[in-house]
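Just the one chain here, laid out as structure tokens, in the form predicted on its own.
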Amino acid sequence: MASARRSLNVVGKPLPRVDAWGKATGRTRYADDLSLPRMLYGRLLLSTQPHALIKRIDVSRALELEGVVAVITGRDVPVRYGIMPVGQDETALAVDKVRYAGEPVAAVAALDEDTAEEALSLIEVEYEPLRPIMSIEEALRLPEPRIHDYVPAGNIHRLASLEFGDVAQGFAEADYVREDLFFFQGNTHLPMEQHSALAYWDPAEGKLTLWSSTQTPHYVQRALAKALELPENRVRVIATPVGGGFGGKSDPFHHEICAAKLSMLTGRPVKITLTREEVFYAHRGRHPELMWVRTGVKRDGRITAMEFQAFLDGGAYSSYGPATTYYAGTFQTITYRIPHYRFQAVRVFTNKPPCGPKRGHGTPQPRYALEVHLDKLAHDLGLDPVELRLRNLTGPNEVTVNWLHITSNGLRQCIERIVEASGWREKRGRLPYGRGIGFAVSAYMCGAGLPIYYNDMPHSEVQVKVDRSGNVTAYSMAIDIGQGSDTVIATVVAEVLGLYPEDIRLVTADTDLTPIDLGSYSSRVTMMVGNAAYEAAMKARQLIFRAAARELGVPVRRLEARDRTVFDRRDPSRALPFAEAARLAEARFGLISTIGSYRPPQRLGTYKGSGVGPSPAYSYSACAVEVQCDPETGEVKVEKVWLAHDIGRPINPILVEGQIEGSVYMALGEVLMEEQAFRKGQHRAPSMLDYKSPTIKEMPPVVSILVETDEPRGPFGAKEVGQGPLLCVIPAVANAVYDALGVRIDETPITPEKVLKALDEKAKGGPGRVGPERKPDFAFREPTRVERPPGWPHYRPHEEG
């Protein structure tokens, strides 16, 4: 679309972030920094029960407390909402039933936080406890008690069962078949900034304004309108700078709706900032997932068929669960050419905080299982794990067996660079006992091909305004959640107009002032907002060039913009300052205000579930990890990480490297220590003291390698980097532990206790493995059979649009 091979001025340069100064000096104002006159402070009362009927709520004593202005319960906000149209099962406060310990049941607005806190202790709630369902196995086995009445049977939320090609035929062609079982523990985002929202209802205008630390202002606007029964144009959402999102601020949340309702009742601004403990209950993090994978291969390692089953613990509500269910099996085919593939998944409800999207949404769990499984296959066949992967790679410009269109594909180059940089061939199996090296690859999307709710409108729009003084302002609803999207927009517009990123003013993430963008999730911003910004800037440039061409007496086609100047490419002395060219353009055409928009290409598949997985492009990563394991204590220490990422073409290489290192950090936490675990229905560690995550002392050196493939659909050839690099690190660590000690830990996190248990079992003559022993006794429905694309795997689809 907007790929360009010419010499570029600012794209690809390691320039400072446009928001660096504000964040470095503390001038950036986050949601909890905001204050309005007569503002009240809100608090939420959380359920102490994981599963119970609400028999009675008495708020009279709280209302009598001096300084308390309003108290609401579920009866005041009974309308159900949700992020996805097929998952409208939440209320801002529990109405008749609580479904997890930590679910809000009442909300208070008071003159100060201490009074609000005291008021919570005065609210009396009478519960009738129900049996809690706390595991995948229980949810599948026990039809009662039901957590939700709307599901067809028991506690099964969503099912997927698909077959591509003829799996039975594929296994019949195999020389060797292996199956494995894995478990990936749930974990949470742990952002530095807690969730916070400030709401103000203006009775004069009959309009609600919400400032919130959210990744999805457009979807929050829709949810507020529904839950509060307001027209959407009477709801304004302003997304404040986000101090850490990682997917955890992508849903509409209880505190946002409660703050809004309390403001409507009191006529005063109301702010609710969650405590750190409350953030653990808000959650929406990684699904605990049990996975079974079976693969048939030829003697040379070529895959003939694969089956993949996933059992997902969704927690108490839907959230993004319908999409997560399909993500569990969609992306295996993006990295490897699998001629016959069966995928089945079931998501269950349990009495835990609801799970949703966390960095890599739905894909780290199956990628972990697949990459460890392939390592075991390679060992069985006597092949180098890298060689096994190289023999099965997908290539550029092909369609997978499940009808996903791959455009650029730099995975082979990523692997080659990692093998060379890490010394893989010299180290694997040759390091001293206790030291090992592991390898894995991964892929991710550059934005979901479908919006969360069906519509045929653009996914992203950007407005560029150039005034007569030469000031340039870009308007976008995209919110920078730390990944650098503001810098991407400014850099793309600056490149097109011949300016520098610091020349571009930004107005972002305001549903009243900015054109539509669906949010910062699924690594969509660089691809979608970047292309919209490119188109808007190109339209403005054409008008400016036409005015400049007439002034300079040269054809428009010979003009170029660079270093804040518009000039004749043949004779650079014939030039105008950008500001002068802008003045001439406004004099001739009126206000220079242009709009660019972006919508992804049409998906190829039409089967049910085919909307989860299609993307304009896919990024690829390869990773090697070197570890040191202590056989006496079981401690695993990551010594060094090498990670190569197919970025397409970097908009800003400093931002790319930062995203790679952030992905490595988060992955190490997930594989070695993090777990959102529960005991007797209660969260086991809802604090940053008890919930273990890496510190700077556990962060190893990271060698970041950028592989450029110049993606034809990306702005200036760019692809995503925010999520893809995380996926391969987790299995690479697990494979490195096996290389170091000869034991397999087939579940996360890989704790010292599990390492010691596996070593003890091996010393007694066992296989030296810790992990799930059997999959649940659950009968999936017969899979829907989907034929392979015509001419697969050499099918070359036409370029859409």
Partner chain sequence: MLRLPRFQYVRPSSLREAVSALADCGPQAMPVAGGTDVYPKMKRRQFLPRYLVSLQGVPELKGIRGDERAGLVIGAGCTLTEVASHPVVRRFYPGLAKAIESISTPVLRNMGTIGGNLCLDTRCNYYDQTLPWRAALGWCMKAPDPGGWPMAPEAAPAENQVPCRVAPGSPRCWAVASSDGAPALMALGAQARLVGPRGERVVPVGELYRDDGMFFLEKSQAELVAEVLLPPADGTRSTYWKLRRRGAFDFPVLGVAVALSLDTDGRVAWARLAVTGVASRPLLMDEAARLLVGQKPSPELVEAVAQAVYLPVRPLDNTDFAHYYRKRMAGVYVRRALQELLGPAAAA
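Computed from a prediction, not measured in an experiment: that's the story for all the values here. Numbering follows the first chain given and starts at 1.
Here the subject shifts to the form predicted in complex with the partner chain, a form of this protein not shown in this document.
K.L.:
Going by heavy atoms within 4.5 Å, which of 577-585, 274-282, 361-369, 129-137 lines up against the partner chain in the model of the complex?
P.N.:
It is 274-282 that comes within 4.5 Å of the partner.
K.L.:
Under a 4.5 angstroms heavy atom criterion, identify the one residue in L591, L689, A204, M457 near the partner chain in the model of the complex.
P.N.:
Selected option: L689.
K.L.:
So which of A70, I57, L756, V770 reaches within 4.5 angstroms of the partner chain in the model of the complex, heavy atom to heavy atom?
P.N.:
It is L756.
K.L.:
Could you confirm whether R557 comes within 4.5 Å of the partner chain in the model of the complex, counting heavy atoms only?
P.N.:
R557 lies outside the contact set for the partner chain.
K.L.:
Consider R684 of the chain shown here, and say whether it contacts the partner chain in the model of the complex, taking contact as heavy atoms within 4.5 Å.
P.N.:
Contact with the partner chain, yes.
K.L.:
Test of understanding: in the model of the complex, would R570 fall inside 4.5 Å of the partner chain by heavy atoms?
P.N.:
R570 lies outside the contact set for the partner chain.
K.L.:
Can you check whether S693 is within 4.5 Å of the partner chain in the model of the complex, heavy atom basis?
P.N.:
Result yes; S693 sits at the interface with the partner chain in the model of the complex.
K.L.:
Could you list which residues of 19-53 come within 4.5 Å of the partner chain in the model of the complex, counting heavy atoms only?
P.N.:
Those in contact are Y41, R43, L46, T48.
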